[in-house]
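Here's a solo chain for you in structure tokens, the form predicted on its own.
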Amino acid sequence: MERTNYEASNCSIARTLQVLGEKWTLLIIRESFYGATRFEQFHRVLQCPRNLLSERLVLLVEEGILERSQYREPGSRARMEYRLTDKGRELMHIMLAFMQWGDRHKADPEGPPVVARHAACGRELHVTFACSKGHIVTEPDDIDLVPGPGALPPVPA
């Protein structure tokens, strides 16, 4: 598909980047997968400005990626915690794809700092593409990008 043959603004990648396309947002999601749920847990690990962390958490709640609930530790005021929703847990594939690319191209000489394993058998996980018939696709040249049902008409030249 030639880029001139469709309306570029009608793009799921661009829409996704409006939500996830910022470093701190992806790192908050990473920490959520590691089990962080509280503002101070995120802040302690990420060391990002508090106002920025707060803004990103609000965005992730508004987008339905995290859900906010109240908790209270004995002797303390009520606070909020943030947990991944089903929509948020779907991001695991994306996060693992980022991690695998980074492991191949940006890891320390000693190797990757984290290895994802299948909980049931202990074998290492690999993000793969498979068509609806079950064929594993490994090469970008084996992927055809064609207009989908939501494609807009071609932009006149």
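The structure presented is a predicted model; accordingly, all values stated were derived computationally and were not measured. Just so we're on the same page, rigid core means the largest C-alpha set that superposes within 1.5 Å between forms. For every residue, the number given is its place in the sequence shown, counted from 1.
One more form of this protein should be noted, the form predicted in complex with a further copy of the same chain, which is absent from this view; the next part is about it.
In the model of the complex, is there a heavy atom of a further copy of the same chain that lies within 4.5 Å of any heavy atom of I94, even though the partner is absent here? Although a further copy of the same chain is absent here, I94 would touch it in the model of the complex, with heavy atoms inside 4.5 Å.
Using heavy atoms and a 4.5 Å limit, would one call R72 a contact residue for a further copy of the same chain in the model of the complex? Judged by the heavy-atom cut-off of 4.5 Å, R72 is well away from a further copy of the same chain in the model of the complex.
Check L52 for me: does it contact a further copy of the same chain in the model of the complex (non-hydrogen atoms, 4.5 angstroms)? Taking the distances in the model of the complex, the answer for L52 is no, it never comes within 4.5 Å of a further copy of the same chain.
Is L66 part of the interface with a further copy of the same chain in the model of the complex - any heavy atom within 4.5 Å? No, no contact at 4.5 Å.
Within 4.5 Å of a further copy of the same chain in the model of the complex, which residues of 12-48 have a heavy atom? Give them in sequence order, or say none. Those in contact are S12, I13, A14, R15, T16, L17, V19, L20, G21, K23, W24, L26, L27, R30, E31, F33, Y34, R38, Q41, R44, V45, L46, Q47.
Has the Cα of R79 moved 2 Å or more between the shown form and the other one, judged after a core fit? Yes, the C-alpha moves 2 Å or more.
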